[in-house]
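Below sits a lone chain in structure tokens, taken as the form predicted alone.
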Amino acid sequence: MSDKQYEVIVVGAGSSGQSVALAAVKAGKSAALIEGRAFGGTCPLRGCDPKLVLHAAAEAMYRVERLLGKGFTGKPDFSWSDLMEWKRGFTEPVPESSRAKMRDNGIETYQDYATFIDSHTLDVGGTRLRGEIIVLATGMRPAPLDIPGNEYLLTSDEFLEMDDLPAEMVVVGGGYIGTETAHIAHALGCQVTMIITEDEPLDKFDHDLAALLRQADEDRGIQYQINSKATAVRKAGDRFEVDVEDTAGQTTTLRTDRVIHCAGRVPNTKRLQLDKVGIETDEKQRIKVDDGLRTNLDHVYALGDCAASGLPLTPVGTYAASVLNDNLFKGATRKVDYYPIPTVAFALPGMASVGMTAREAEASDRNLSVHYKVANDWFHARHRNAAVFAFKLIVDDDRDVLVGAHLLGPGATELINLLYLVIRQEIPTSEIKRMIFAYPTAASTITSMLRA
């Protein structure tokens, strides 16, 4: 069978992959886009977007609950099936609209998984595609949890497709996905137990703020098995048993209606057979790239969650695609410069972070000051009876600039973007303190934070 020839082949039809394919044809190149799953990628189909649709409903219920006895006399009725129907209105049109957009722009699309035959050739469902340039943007998938009974686990992807919300649920994992999943389910009426390997959820965020979040969670009824791991799952009638082992080797057995596996994600590269052509990966199976997103093969590039470059976040992949597009199709020689990357967890309440961490500040010999406060008594928190509002800002006093910001509480997931701009543009803190912000808004707390 003769090969189909393209100047650019992109593997992975998420936002980053689509961006590169579109830039290729705009530059006059022939391009193919390959996707083994539905076109559109993780974020719009089984990640950020559908999660935020569910989060909006959960947040509404959470805020009403915080105001019971303060105007509200009870929680409103809720229908999980109605919420899922609403969610599907966002996700179901994506695959066909994405693929149609690619075809309309002259990109040939392939709905199957790709495997390397040689360094320039891919097998896609029996069709051989040969590319001068190959771009890998295959994203990530839930990491396999190798324990007895793992066939009874639902992944975070499957949580977003559940037909019903059970009365009880165990969530394995306390990172972004596990915490957000647990908070959505609990706010909408499910009793949740979280199994986490650390002593706090969201351990990649500030430790002090994570401890405050766990306390707020426990105060409202979320249960934790900390410093623990799930070791087995068994069917027990119409329910499940989950064995949990702590760091001392003690085992506890939990009974629940459903078990959701949110304990990490891995690069979605296994089917590519990268080792066959010698493409190098790191210890986390991410594809190694340089600061121009080139692999150890000169004509193969990687970006987004599958690449060892930046955090596995949609806007990071989108930014990386813009760098690669300029370099491949406009003759530029840009290098990725991610710092600082703002990141948020849509917990209830929200957590957010950007720039230097407290641990990095402790290890630094720079003249730094840390502005940390639990500000539950501030009006921003009190008027909505917030469970917790806290912040930690790190300032380089010699340069008079903010270098790190960490937030927990109402408005955190939006406010972090303002603080990102402050850090990125190196706006002097003395100037910020003189600024006039609209009041009473989340942004109006910035000057008070810097004086705390």
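Every value quoted in this text rests on a predicted model; they were computed, and no experiment measured them. Each residue number is its position in the shown sequence, starting from 1.
FYI, the form predicted in complex with a further copy of the same chain isn't displayed, but the following is about it.
Taking Lys75, Lys335, Arg103, Lys330 one by one, only a single residue has any non-hydrogen atom within 4.5 Å of a further copy of the same chain in the model of the complex, and it is Lys75.
Exactly one listed residue, out of Lys235, Arg366, Lys276, Arg382, brings a non-hydrogen atom to within 4.5 Å of a further copy of the same chain in the model of the complex: Arg382. Stretch-level contact check against a further copy of the same chain in the model of the complex with heavy atoms at 4.5 Å: of 374-382, 246-254, 203-211, 165-173, the positive one is 374-382.
Within this chain, Tyr319 lines the site of a further copy of the same chain in the model of the complex, having a heavy atom no more than 4.5 Å away. At the 4.5 Å threshold, heavy atoms of Thr413 reach a further copy of the same chain in the model of the complex. Contact check for Val25: no non-hydrogen atom falls within 4.5 Å of a further copy of the same chain in the model of the complex.
a further copy of the same chain is not shown here, but in the model of the complex it comes within 4.5 Å of a heavy atom of Pro315.
Taken together, Cys43, Arg63 and Phe437 are fully in contact with a further copy of the same chain in the model of the complex: each brings a heavy atom within 4.5 Å. No residues of 97-114 lie near a further copy of the same chain in the model of the complex, the criterion being any heavy atom within 4.5 Å.
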